[in-house]
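Shown here is one chain on its own, the form predicted alone, set out as structure tokens.
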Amino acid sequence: MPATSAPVPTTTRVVHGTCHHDCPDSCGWQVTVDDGVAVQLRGNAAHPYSAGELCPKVNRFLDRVYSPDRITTPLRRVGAKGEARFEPISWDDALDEIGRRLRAIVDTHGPGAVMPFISAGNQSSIAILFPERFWNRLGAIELTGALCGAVAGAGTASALGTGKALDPVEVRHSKLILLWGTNTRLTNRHLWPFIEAARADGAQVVVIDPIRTITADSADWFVQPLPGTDVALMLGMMHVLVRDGLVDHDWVADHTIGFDELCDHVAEWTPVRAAEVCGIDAADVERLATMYGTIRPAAIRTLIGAEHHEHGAMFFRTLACLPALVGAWRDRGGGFARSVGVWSNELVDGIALMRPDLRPAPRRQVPMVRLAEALDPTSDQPVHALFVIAGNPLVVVPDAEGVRRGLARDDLFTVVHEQFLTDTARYADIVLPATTQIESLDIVPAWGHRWLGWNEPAIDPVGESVSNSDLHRRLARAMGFTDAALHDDDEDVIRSVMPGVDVDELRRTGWVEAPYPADGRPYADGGFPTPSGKVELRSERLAADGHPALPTYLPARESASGDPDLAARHPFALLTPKHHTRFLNSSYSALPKHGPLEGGPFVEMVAEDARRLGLTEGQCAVVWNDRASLEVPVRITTRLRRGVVAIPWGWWSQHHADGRTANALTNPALTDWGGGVAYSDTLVAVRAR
């Protein structure tokens, strides 16, 4: 009988972690590891919010971890910028070159010529905030505002004094749920079971959105205003509430200021006027207002999509005033729900993470959305060094072709920390390999629920990849910075910034809940942190800053320019929504089992507009404006209104026939306040190629 070798023992373990994506759900997951190799990643059934379900993209996360296209060693550019020709180099060589060139730029132009562009490709706390210690110490440019999120918080705070609002899971107790400008079933999928449970108990669900989404298809009623007109609809609702005596006068008297002025202001916003602006029936304005004023508890749920208008902060300000008028905050399941990430601030000391005290002087500030302007060599203070971490600005930032021209500058030194050769990385001088989430230690806040998650590294870093925090420790050494805070260990940092949390228990269980009122009613008795202590229906602070003191509808400048030639040349409103389920923002779209399954980019339009332009399904069309042009196939849809077209964003240049992306077209104008961008106030023309 031939000899047989003894079986080789294996070591199998299951490691708990938390999804890091810029998504409201921050799901808990479990990674099964055999002999140091991750062999399975699945949802954690014990997680109090995601309950074991992951989305289609994250179900294939290990494809990303072990992709043959993953960057696993530092790279140096050897071709022209954009050609993506690189040679591998050692970490020592990469850091020597970075340190030498960075010191020369700082010596010649000052630290205000160095821009760190840190985005939310990884929204874990250490990954996104610890790097600020290094940039504070260097004194580099500080990005202000955000591509999304900041405007919603600023608009809400202008009425409530804080971004803290209703925990969205409280809609389980609601009898009326208004999903306003949010595609819950696609982008906040784990909230949907709470909504369905409320419906089973008799709740009605109304979706208000310029696009008929899968969430709209599942609603009891769908209202489809024209893009950017929502504030007019809200003012029409306020008119009806006041006119028909549906205001909770006791709650208003006790907990608001400016009610009389608001009544005078909305008197002219009749349902007919609001309907004309929004492109809907006046009867729908009446019906929506009456439902909201008579059904209790009533909850409004929104997320960040509606902030991408020039008057995005005013959207959130006005929406946050509606619950005050009907006393919705009295009831469990009543009020206004947006991002709840702000509640996690009670658990994590973000200032201690970023250490602004390390700054040698105030940092130069640049709006995040104005990257193209900052990279323009003709600007008053051009950027000479760009570090891109956890982001792909060439795809996600407006005025993408302006960004591309900036990245192509020979005198711009660009370093990109990445897992794949993204559109942005193709223009880098140095590319550094980044770990994935299952290779890093971190804590992960959520902006869709109140559970902060622990993320334990399941495997060693693949190749020579390093985490965001370890990268910045290496950069500190390359620059000769000896400050102890720049070299702190990740676990020590976590313990120091969570003084009120039992970190060992957090590590063992995998999550900790942010504090919230036990009865689910954060403002039942008022207590708003405004200067008045009340909901500010009229805001003197806004008036002092040059904004309307009362909720006010203003059309976007691009669509209301008064230039008849502009309207004639660019007659369509362009939206760039998230249509996809297998990639997120610009992540995953280059992987073979993700992006291609979505079918590629396209332009959606209704049949009537297509016929008028002589376009048919699948035909290639040119979508253009004064910023750029884009060639995409036509998809006929019933999801949109006439005069509105949509191109899903997030596709890389390689997926577009002409190498341009949706954000080549989008409006780079800043929002009214909050430092966001008016992506959705974009006008375009469409023609056959």
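The numbering used is simple: start at 1 and walk along the sequence shown. Nothing here was measured: the structure is a model prediction, and the numbers come from that model.
Note that the form predicted together with a small molecule isn't included here; everything after this is about it.
Novice: What stretch, of 482-490, 305-313, 72-80, 343-351, brings heavy atoms to within 4.5 Å of the small molecule in the model of the complex?
Specialist: Among the candidates, contact is made by 305-313.
Novice: Could you tell me if all three of Asp331, Arg450 and Thr671 have a heavy atom no more than 4.5 Å from the small molecule in the model of the complex?
Specialist: Negative, none of the three is within 4.5 Å.
Novice: Could you spot which one of Ala198, Ile389, Ala324, Leu166 gets a heavy atom to within 4.5 Å of the small molecule in the model of the complex?
Specialist: Here the answer is residue option Ile389.
Novice: Only one of Thr435, Ser125, Thr318, Ser158 gets a heavy atom within 4.5 Å of the small molecule in the model of the complex. Which one?
Specialist: None of the others qualify; the residue that does is Thr435.
Novice: State yes or no: in the model of the complex, is some non-hydrogen atom of Pro131 no more than 4.5 angstroms from a non-hydrogen atom of the small molecule?
Specialist: Close contact is absent here: in the model of the complex, Pro131 is far from the small molecule, nothing within 4.5 Å, heavy atoms only.
Novice: Hey, in the model of the complex, does Gly17 get a heavy atom within 4.5 angstroms of the small molecule?
Specialist: No.
Novice: Please determine whether Arg557 contacts the small molecule in the model of the complex, using a 4.5 Å cut-off between heavy atoms.
Specialist: Judged by the heavy-atom cut-off of 4.5 Å, Arg557 is well away from the small molecule in the model of the complex.
Novice: Is there a heavy atom of Gly228 lying 4.5 Å or less from a heavy atom of the small molecule in the model of the complex?
Specialist: Although the small molecule is absent here, Gly228 would touch it in the model of the complex, with heavy atoms inside 4.5 Å.
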